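Before any questions on binding or motion, here is one chain by itself as structure tokens, the form predicted on its own.
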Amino acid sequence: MSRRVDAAGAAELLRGLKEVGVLIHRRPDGDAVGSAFALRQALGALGIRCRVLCPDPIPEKFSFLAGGGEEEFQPLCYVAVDLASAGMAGEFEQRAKGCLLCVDHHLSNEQYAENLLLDPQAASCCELLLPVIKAMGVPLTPFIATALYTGAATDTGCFLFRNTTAATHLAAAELMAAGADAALVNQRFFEQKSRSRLALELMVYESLEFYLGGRVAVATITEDMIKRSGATAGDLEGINGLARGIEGVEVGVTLREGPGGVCRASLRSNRVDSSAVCRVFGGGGHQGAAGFECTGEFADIKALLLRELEKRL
């Protein structure tokens, strides 16, 4: 069980470090990348040597934050951001277990770290990390502000998802005032699409099936679809939200084929507690967005999911 700390307590722990590895989850998204590189920059401003460790390559889409590579050294301790479970750190799982500090906003956090700053009401880990960096006494540079804004924007669908609160808007305003390049982030993640992303979206829309009176939409993404479209890891960012945007749909389900017969299921909901549904299958996440992994045929997994959703709709 982790010892709970607030922003000031987390800042005190971070200020005392000398060499640190910042851990983020596999298949990194904007919140994980933004949190990690904002923290790396903040620690560097205090003369603390820092590197970001991710089990998967960071998508090219985040090159404006993660460009230049990582310094190679063996950290003395580890800090996790946006990492709900040690297992999601992949090859770095053992380093995550018992790490000094975890800063997270997932209700499903497994409390694997020695110290935990957790607020499930925060729309993103970046929103939660903002007061920590300020408490560290580090000025909000345009880079740190842009990194934190990236997480705040991407984890809320550009402030459209229901996890967006007044606090989220206040944090975004503060970051913009500090020099965050909101136009760059919004254009890159919410306006611009590669041709391969567009090709994949067309296939995803063609795969859609509707159930329970049209209240549930199920999309399928196979490895063959990804191969034929030429989509990269960066092209997959946000694609799980496509089904929920259709009129009348209350729950959007995306079933994605992975290596070795693994199925990655993602739920996006305007009504049902997605995290509660996914916990039934060993996963978790947020009320409006959650997921799980399992093995089996898509048809069988879909049938089990629909049975669970029917109980809740």
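Numbering starts at 1 and runs along the sequence shown. What you see is a predicted model, and the numbers here were worked out from it, not measured in a lab. Note that the rigid core is defined as the largest set of C-alphas that superpose within 1.5 Å between two forms.
The discussion below concerns the form predicted in complex with another copy of the chain, not included here.
Listed residues Ile239, Leu107, Met225, Cys158 were compared with another copy of the chain in the predicted complex; Cys158 is the one with a heavy atom within 4.5 Å.
Though another copy of the chain is absent from this view, in the predicted complex it lies within 4.5 Å of a heavy atom of just one residue from Ile246, Ala45, Ala276, Leu255, which is Ile246. From the list 192 to 200, 107 to 115, 86 to 94, 71 to 79, the contact stretch for another copy of the chain in the predicted complex under a 4.5 Å heavy atom rule is 192 to 200. Residue contact check for Ala233: none of its heavy atoms lie within 4.5 Å of another copy of the chain in the predicted complex. In the predicted complex, at least one heavy atom of Phe210 sits within 4.5 Å of a heavy atom of another copy of the chain.
Not displayed here, another copy of the chain is kept clear of Gln121 by more than 4.5 Å at the level of heavy atoms in the predicted complex. Contact between Lys134 and another copy of the chain in the predicted complex is not found at the 4.5 Å heavy atom cutoff. Residues Arg162, Thr164, Thr165, Ala166, His169, Leu170, Ala172, Ala173, Met176, Ala177 are the ones in 162 to 180 with at least one heavy atom within 4.5 Å of another copy of the chain in the predicted complex, listed in sequence order.
Annotation: Cα of Asn270 displaced by at least 2 Å between the shown form and the other one, core superposition.
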